[in-house]
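Below you'll find only one chain, the form predicted alone, shown as structure tokens.
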Amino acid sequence: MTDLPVLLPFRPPTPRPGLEFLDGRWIAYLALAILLAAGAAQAQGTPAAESAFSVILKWTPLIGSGFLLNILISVIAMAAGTLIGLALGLCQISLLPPVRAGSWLVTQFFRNAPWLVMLFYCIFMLPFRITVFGEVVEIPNWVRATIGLTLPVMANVSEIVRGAVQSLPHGQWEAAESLAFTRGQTLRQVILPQCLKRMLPPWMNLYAIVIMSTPLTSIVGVEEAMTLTRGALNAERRGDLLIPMYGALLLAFFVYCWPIARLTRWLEQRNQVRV
């Protein structure tokens, strides 16, 4: 007598992760903390002094322009670093030992070097001006600082590409080889399209790190949001505005970076491998 199959209890399918990152509770908490700090600053100031809220609103256009420069630096550094890092990461899986070893050495050097040290090197070692067709072209500090941030982005993207390619089963290469694909065709048409979903979450996380690292450029003389906030505090000459002004800047970075972090987490959950 054969045993009858046992029916397992019904289990509803696990819902796909939703866009819960749009919930703005944490942003509201941070904004409330900054409002309380501004209120405390107003209570500590003299009655005739301008309110902290008015000072923040007065300097918002100037500091906002500096924040746009932070975003511009991060976007350029991320774009250039991604293009160079993609080529460097593919060189790490090259079949030629000298290419593979050289690209690994470059990746590890710039990946483990302090970002601030590379900023100083690029600021002081790159030329301040160049001559193009007899015309002298000034190179602003933010361009050299962007190059300094591009180097670690390049190295980290190289590791992301290498890890994503090597995470695929080797059978993918063998299947493409059986179809008479060249190595370049296998990379372009088989391997890299599958790696895209694996690379996107860490790439977005890296961008969030880059935008949060752009205030480091204020140390080397770039007039971004941190530098302009410090200049506004020096112009006001009021110690009670220190926490509200820097708190407002913190809120701006948080509002910009937090959705990116939540979207990264959502993509990781959506694209995770289910067995």
Partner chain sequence: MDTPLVSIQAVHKRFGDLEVLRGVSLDVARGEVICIIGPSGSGKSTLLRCVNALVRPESGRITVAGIDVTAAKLDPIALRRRVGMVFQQYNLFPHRTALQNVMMAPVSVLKQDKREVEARARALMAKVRLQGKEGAYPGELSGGQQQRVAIARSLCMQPDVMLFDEVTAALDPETVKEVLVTIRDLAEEGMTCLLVTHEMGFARDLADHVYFTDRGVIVEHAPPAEFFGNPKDARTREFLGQVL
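Residue numbers count along the first chain shown, from 1. This is a predicted model, so every value here is computed, not measured.
One more form of this protein should be noted, the form predicted together with the partner chain, which is absent from this view; the next part is about it.
Think of it this way: in the model of the complex, the partner chain has a heavy atom of just one of 194, 108, 94, 141 within 4.5 Å, and the residue is 194. With the partner omitted here, the residue from 171, 134, 127, 98 that has a non-hydrogen atom within 4.5 angstroms of the partner chain in the model of the complex is 171.
Of the candidate stretches 99-107, 178-186, 114-122, 200-208, only 178-186 contains residues with a heavy atom within 4.5 Å of the partner chain in the model of the complex. Contact between residue 190 and the partner chain in the model of the complex is found at the 4.5 Å heavy atom cutoff.
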